[in-house]
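Below you'll find only one chain, the form predicted on its own, shown as structure tokens.
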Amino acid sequence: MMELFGIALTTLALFVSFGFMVGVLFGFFGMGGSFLVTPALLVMGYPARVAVGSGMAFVFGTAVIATLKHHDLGQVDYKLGGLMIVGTTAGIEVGSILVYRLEELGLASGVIGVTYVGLLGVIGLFVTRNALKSDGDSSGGGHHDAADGEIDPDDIPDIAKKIQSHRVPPMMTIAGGIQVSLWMILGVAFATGLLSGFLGVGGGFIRMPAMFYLIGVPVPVAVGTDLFEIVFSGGFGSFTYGLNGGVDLSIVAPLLAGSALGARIGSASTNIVDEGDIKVYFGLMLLGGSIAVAFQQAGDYLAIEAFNTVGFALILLSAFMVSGAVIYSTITTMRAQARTATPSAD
């Protein structure tokens, strides 16, 4: 079999195409790297240290590419991102302490697995239900606010409005001219960091909806700001694993080659696709992930290898379908915009 850089060409093509698909999801949702790449590498037979370390390095590289694109679109709130990094870091530390304590009691694997499945399912249902419910009330277009643009008060979720009504000083002005208490931002950041450290994931699937539903940040800006955070967490993690030989560049390079294009397409799509569609796709992907992880957890508990394979296949299938839906929606929206523009030329 032909090889390039010590990797079979078929495996190389698989990594590039997989990287492209994950890049689209990462750029569009601000998450998806550790959720997909690490399990895939484990199933392919790579050691856990290499799978986690290489996955982290890939997440870092893709986050940099996607963040630069969101920066070009004005969809990164750096002040909010910096505050979230502070709170998230503290939460991760506490979350890791809880994991160590549960390991001592021999309960870590089961508790974390059940929490992960439950959290993915609950957030997925919540986001999907709210997006579908509000779909009929929207005027049609997307709400692609830049970080320094004013947001329409009607676009802010009711939960976020309630939170913003508690004006505990000092107050901060963030994306869209929103005023929210510094303590609320740090509290949300700490809570999402706690869950991230406890579950051992990047936490994008927690932070992105938290920034929208709890703080009121417009979805495209929440995605861009979340990616900005991941640049720091992914960079630190990949550096740590790299020092211990846990980063395999022959894996990371082809994945990044695919994601370089995918991340830019996904990031640009947030400025084209309706914001309601973003939330629907995000919720459906989390629901698919919840079912997939449930199969994997059942496979580990019952020692049925077929369940693990089904779980992994479901993760890939949901990611493929959602990334495909993102690209399809982007193309159809651009065609519709082009059709409305042509009559004036005629």
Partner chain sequence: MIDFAGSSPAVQAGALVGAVLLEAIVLYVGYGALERVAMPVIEKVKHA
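Values in this document were obtained by computation on a predicted structure and should not be read as measured data. Residue numbers count along the first chain shown, from 1.
From this point on, the text means the form predicted in complex with the partner chain, which you will not see here.
Margin query: Only one of 98, 119, 257, 86 gets a heavy atom within 4.5 Å of the partner chain in the model of the complex. Which one?
Written below: Residue within 4.5 Å of the partner: 257.
Next item on the list: Go through 113, 187, 235, 74 and name the one with a heavy atom inside 4.5 Å of the partner chain in the model of the complex.
Entry: Partner contact (heavy atom, 4.5 Å) among the options: 235.
Next item on the list: Check, residue by residue, if 57, 60 and 253 all come within 4.5 Å of the partner chain in the model of the complex, counting heavy atoms only.
Entry: Yes, the whole trio is in contact, each within 4.5 Å by some heavy atom.
Notebook entry, point to check: Among 218-226, 166-174, 191-199, 260-268, which stretch has residues whose heavy atoms lie within 4.5 Å of the partner chain in the model of the complex?
Noted result: After filtering at 4.5 Å, what remains is 260-268.
Check: Within a 4.5 Å heavy atom cut-off, is residue 126 in contact with the partner chain in the model of the complex?
Finding: Contact check for residue 126: no, nothing within 4.5 Å of the partner chain in the model of the complex.
Note to self: Even though the partner isn't displayed, in the model of the complex is residue 13 close enough to the partner chain, meaning a heavy atom within 4.5 Å?
What the structure shows: Contact with the partner chain, no.
Check: Quick one: does residue 292 come within 4.5 Å of the partner chain in the model of the complex, counting heavy atoms only?
Finding: Residue 292: no, not in contact with the partner chain in the model of the complex.
Margin query: Does any part of residue 107 reach within 4.5 Å of the partner chain in the model of the complex? Heavy atoms only, please.
Written below: Answer no; every heavy atom of residue 107 is more than 4.5 Å from the partner chain in the model of the complex.
Next item on the list: Select from 47-70 the residues with a non-hydrogen atom within 4.5 Å of the partner chain in the model of the complex and write them out in sequence order.
Entry: Heavy-atom contacts to the partner chain in the model of the complex: 57, 60, 61, 64, 65, 68, 69.
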